[in-house]
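Coming up is one lone chain in structure tokens, specifically the form predicted alone.
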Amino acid sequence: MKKLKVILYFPPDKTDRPFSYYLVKDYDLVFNILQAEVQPGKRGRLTVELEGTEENIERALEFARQNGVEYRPFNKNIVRNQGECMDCGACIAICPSGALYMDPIDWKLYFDESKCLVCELCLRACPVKAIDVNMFV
């Protein structure tokens, strides 16, 4: 099984279709909605993590493209330098997905990459610049 994070961009005339239904039913994909900004009749954006066979993911993305839904795979990720981090928590309040969190037992800062939306808000919030972005192809 493969996992892939993508951002789907819906034109205004496509936001009223049950797109996620087709991903599950026709392409046997498991998906996790990480962020959604979709309203009927307006341009929409859906950030999802798709899980399934490589072939089914490719087929589903082709279905999206053929139906006017553009997509962009995540091509970067957030990296936290634990040696530089002071565990101050300045980044926690700004993180919309909860990927950065403080453990109430040891008061250490932790990062759950699977929840990260790569919005890069944490980069600006970190006072010691212990957070960076890696680009990959």
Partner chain sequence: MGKTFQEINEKIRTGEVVVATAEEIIDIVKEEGIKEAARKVDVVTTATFGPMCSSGAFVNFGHSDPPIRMNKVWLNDVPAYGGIAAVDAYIGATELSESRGLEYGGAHVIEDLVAGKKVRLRAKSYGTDCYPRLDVDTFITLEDLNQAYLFNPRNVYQNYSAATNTSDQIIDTYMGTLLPRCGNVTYSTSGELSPLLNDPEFRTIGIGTRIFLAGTQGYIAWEGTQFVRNKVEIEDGVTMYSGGTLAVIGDLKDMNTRYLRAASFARYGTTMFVGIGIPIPVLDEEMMEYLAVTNRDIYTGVVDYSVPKRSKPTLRRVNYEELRSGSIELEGKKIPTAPLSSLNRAREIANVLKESIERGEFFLQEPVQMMPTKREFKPLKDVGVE
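Small disclaimer: the values here were computed from a predicted structure and weren't measured. Residue numbers count along the first chain shown, from 1.
Another form, the form predicted together with its partner chain, is not on view; read the next lines as being about it.
- Listed residues Val79, Ile33, Cys88, Val30 were compared with its partner chain in the predicted complex; Cys88 is the one with a heavy atom within 4.5 Å.
- Interface residue among Glu58, Asp112, Glu70, Glu84, judged by heavy atoms within 4.5 Å of its partner chain in the predicted complex: Glu84.
- Proximity of Val24 to its partner chain in the predicted complex falls outside the 4.5 Å heavy atom cutoff.
- In the predicted complex, its partner chain sits within 4.5 Å of a heavy atom of Ala125.
- Proximity of Asp106 to its partner chain in the predicted complex falls within the 4.5 Å heavy atom cutoff.
- Shown alone here, Val38 lies farther than 4.5 Å from its partner chain in the predicted complex, counting heavy atoms only.
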